[in-house]
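Just one chain is shown here, as structure tokens, and it is the form predicted alone.
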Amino acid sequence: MADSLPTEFDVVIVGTGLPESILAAACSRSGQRVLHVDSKSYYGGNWASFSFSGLLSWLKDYQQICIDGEESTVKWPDLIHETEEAITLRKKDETIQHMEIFCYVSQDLDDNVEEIGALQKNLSTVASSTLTEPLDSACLVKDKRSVYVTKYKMPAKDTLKSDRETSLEVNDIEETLEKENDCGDKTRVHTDGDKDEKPVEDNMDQPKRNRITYSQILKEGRRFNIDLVSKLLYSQGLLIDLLIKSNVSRYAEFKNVTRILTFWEGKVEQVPCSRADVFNSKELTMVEKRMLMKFFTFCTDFEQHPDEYEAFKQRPFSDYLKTKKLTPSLQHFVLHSIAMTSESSCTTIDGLKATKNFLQCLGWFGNTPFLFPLYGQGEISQCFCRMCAVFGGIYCLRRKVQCLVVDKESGRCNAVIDHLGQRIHAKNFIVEDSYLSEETCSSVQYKQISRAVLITDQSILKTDSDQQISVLIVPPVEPGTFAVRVTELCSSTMTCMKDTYLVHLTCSSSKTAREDLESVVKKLFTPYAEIEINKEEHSKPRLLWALYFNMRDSSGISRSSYNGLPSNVYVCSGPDCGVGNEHAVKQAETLFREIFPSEEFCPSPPNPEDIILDGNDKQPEVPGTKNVLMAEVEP
């Protein structure tokens, strides 16, 4: 694309996160002229997904920006008129903090592995706040080991299927494995470990596991799609409804989450969710099964029986569960694995709503309420961006917006000035929170999310199948800490290489990410070692690689908290800590209705057969056709 952009738009959107991408699609679909820009070189912002080498490059680039900032090629103050004033935007992204990298596998690299730089650092020199040390010396377990970064190029992943018959495609495990074996071998770099692969049944009885090296991870780096934020989709949630309604679902594919797990009495167990799971469970007695089913039945229409919970409405959900004659294990299952909350942070009414939502989402695409998008969460933002582009939206990455230009007389924003000095006019402006300056956000109180990304060699709960997608809630141990959500992804999700698992840990922050999450990591995994120490350690999955970081949570911030924003400038938040995407969808729809109150939010696209490309050429109406959409393509 040429450097010069058109200068007149209806909506300018800064940032390509999920809420902004949904808004871009909705605005473009309603006929608005949309310019969607991002200072980054990739879509998604903090909702993005990266290959393994891409993630390391992102860390390196992010650290460099934090140190040096970003230089603009044109100074914007010279471009502001006397009747105008400017609201500057932030020069560097400060939403990620406390980055720490650990590599536990052998660092022997083959000659054909291309290096960018060694990442080696002693634990004592890890940055304690925003990363201020060069990433070339990132933290590792042992000083003598070194980590290497490969040059990164975004792989082209296009899952568009124009002939798809269903509104939402959910793949079975076996089907995806066939695709992976048939198609993946064309680009896969084979390693020594591949020659010794054995069936899953054999591996269950073998004490010795495949040896995985850092060189293998680098070679297979394109098979990883690592999300910055870990999310799942409720099968009857707002995002699934929007994907189907707008027909954006045709751009993506999904897999159902196969297991809900819990951490009870020091071990990981599977939680029975559906009626069939409850009655097939060998861990529950017949009495417990009946008690649990009775409680589930009550939760599906609890609003019709207010007398049952009125006295506990604002009391902790855990107190209410004790009155339902549920055993301690069942109370634990309901509280942590079904309502997915903790004892101190959830009222009874919120717990009942969460339980009802969980139960209502069961059985639509599998035996759990959740779906996961193939290739990672970052695909969803790109799907909505694609819809925006289909309806005429203009996209420009690596386009930095220096300031908002505000007319002094009207107090409204009428333009933005980019890093090349171009002035772009619009009627409305939507900006992601991370782009706003410190002055604008000086009154905002942000929360933080603690995140960890792990690569492991086997599942946290082994079964006959090694292709399980699991969700585990680990309850807090100490007062003032939060429950940790663990999402384990297998290779059939197209997020990791074969014989490995990609594990995401997420919780609200009370300290740094490593301090919040390391105790959970130690409970579930053991660091990779060439020589196994004992059989107990061997029973746990081995941890191959780990990344810890804190991410800003800007959800739930009211518009009045920002200083001096014009009335036609709207703010989108970054990812929240919740398991689903409900907040992002609600925010996008609320802002769209505020900007365009008379327009429908993301209506269904027209039937291609009903579109007449040239509105000036009158064609005879075919008998029986109604509501034909007249669309004129601009030159």
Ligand SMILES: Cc1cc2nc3c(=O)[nH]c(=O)nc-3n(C[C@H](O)[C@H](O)[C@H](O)COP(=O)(O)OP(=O)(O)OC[C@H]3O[C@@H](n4cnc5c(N)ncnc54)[C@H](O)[C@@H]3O)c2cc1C
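Quick note: we count residues from 1 along the sequence shown, nothing fancier. All of these numbers come straight from a predicted model, not from anything done at the bench. If you superpose the two forms and keep the largest set of C-alpha atoms that fall within 1.5 Å, you have the rigid core.
Keep in mind the form predicted in complex with the ligand is missing from the figure; the text below concerns it.
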Let me know the one among F525, Y104, F254, F358 whose heavy atoms come within 4.5 Å of the ligand in the predicted complex, would you?
-> F358
Contact residue in the predicted complex, from C490, L261, V405, M340 (heavy atom within 4.5 Å of the ligand) | M340
Which one, 28-36, 51-59, 592-600, 578-586, holds residues whose non-hydrogen atoms are within 4.5 Å of the ligand in the predicted complex?
-> 578-586
Even though the ligand is not shown here, does Y309 get within 4.5 Å of it in the predicted complex, heavy atoms only?
-> no
Answer for G221 alone: is it within 4.5 Å of the ligand in the predicted complex, judged on heavy atom distances?
-> no
Close approach of F372 to the ligand in the predicted complex, 4.5 Å, heavy atom = no
is_contact(A354, the ligand) in the predicted complex, heavy atom dist at most 4.5 Å | yes
Contacts from 277-292 to the ligand in the predicted complex (any heavy atom within 4.5 Å), listed N to C, are none
Is there a C-alpha shift of 2 Å or more at G351 between this form and the one not shown once the rigid core is superposed?
-> yes
